[in-house]
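Structure 1 and structure 2 below are the same protein chain in two forms, each given by itself as structure tokens.
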Structure 1
């Protein structure tokens, strides 16, 4: 296989990852790492480095479209980025010393957790209650247009719990290089009780800042290879742009199904290969 063919394969694989990552709020990195490490046999640390760069591109490509559509909760995203950035620095330092097979197993475990809780049902009457006082004080409650153009108003709950979960999401982002989109979506969807479509778009908005914080540490450690980052980033950005257009018309339940299926398959692969010390 020539370098050109390999580069094209990585590009199209990354484009698919960016497409799915944009639809589900995962950021693409959650698919990039298994693809590079399992399919192409690339060291997982370099795969994480390429993923972090790609995650920044994904956030830039998808977030702009979501903000234009009026779905993203910008104030909430900026508030929660404080927590994810602090956690990302801590996670990146831990990653420099953690065994690669441990990272792979942890990665898979987080994915399974994400798949299970993505289907946790909300209390349908919960949205009828007023949001938390802190959300009102910070002006985090907002609205978004549905598929028919109707404006849906929603309130934000449990600000403190969501903030601390975002610190954990930041640690996972720095440690695993995935942008921790799955954990962000779960925190906003299940803890803060935000509509799923708003959760995924706000997650995409936040992912770039979180990844940029950990990218500095990975760059200093020499784990960011430009020759690998180029096709990965270009592919993810292309896929994310396409996915952002599809998301605005997609049904939330369909997105949950895609979310769960994709990450469950990847989780099994990562845990199995991590346990076999194949990283």
Structure 2
């Protein structure tokens, strides 16, 4: 296969990954890495490098829209970025010494977790007790406009627990080259009890900075190959942009089911190949 043909195929594959990633809210990275490494036989380190660059592009693109709508909690995002960037740096550092087969197996496990996560019920939180003292001190309690234009005020709980979970999210992001949005949302939604809409947009806001902290390490380690990043980044960005346009119309349950099945198959294959030392 020549470079021209491969570049075109990778571009369209990445577009599909970006599209599905944006529809399901799991991001493009989670599909890009298995696609590049399993389908095209590309070294997983190049796949991780290309993915992290694509992750920065999509999260920055989407954040620009969310920030404008005033849903993103910028202070909360900034504060938790301390945790995610430290984690990401540590993760990217470990990645250089961890065997690629171990990374493949870990990646597979995270894929399975993400498949389960995509079915998580979005229950509204009942905020029957005041937010934690630390939340007041850090000015994290805030408000956001809902669909009808009402201003909803919310408090933030369990800052310390959320902060530690964000360190884990950062390590996974740096180690695997993904945005690890699912973990960030889990930390904010389940642990800190922040409204789901605020959790998802704030998570997305943080992903770019988190990924940048590990991308600077990857860049200097030679993980970022320009000729591969070119179709991957532009493809994922195009797909995610199309995905965000149709997002409101397509909240179909069947899409989630298909997606969960696809990820589970990919996960099993990553774990199997990792265990057989094929990476």
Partner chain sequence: MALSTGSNNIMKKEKKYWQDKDVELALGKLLRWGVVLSSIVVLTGGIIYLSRNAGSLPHYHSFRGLLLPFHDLSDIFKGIAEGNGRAIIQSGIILLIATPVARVLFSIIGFIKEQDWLYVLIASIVLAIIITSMLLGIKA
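Numbering follows the first chain given and starts at 1. Heads up, when I say rigid core I mean the largest set of C-alphas that superpose within 1.5 Å between the two forms. Note that this is a predicted model, so its numbers are computed, not measured.
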| item | value |
| --- | --- |
| Assignment: the form predicted on its own | 1 |
| After fitting the core, residue 240 CA displacement of 2 Å or more between the two structures | yes |
| Flag for residue 39, CA shift 2 Å or larger between the two structures after aligning core | yes |
| Value in Å for the CA shift of residue 266 between the two structures, taken after the core is superposed | 5.2 |
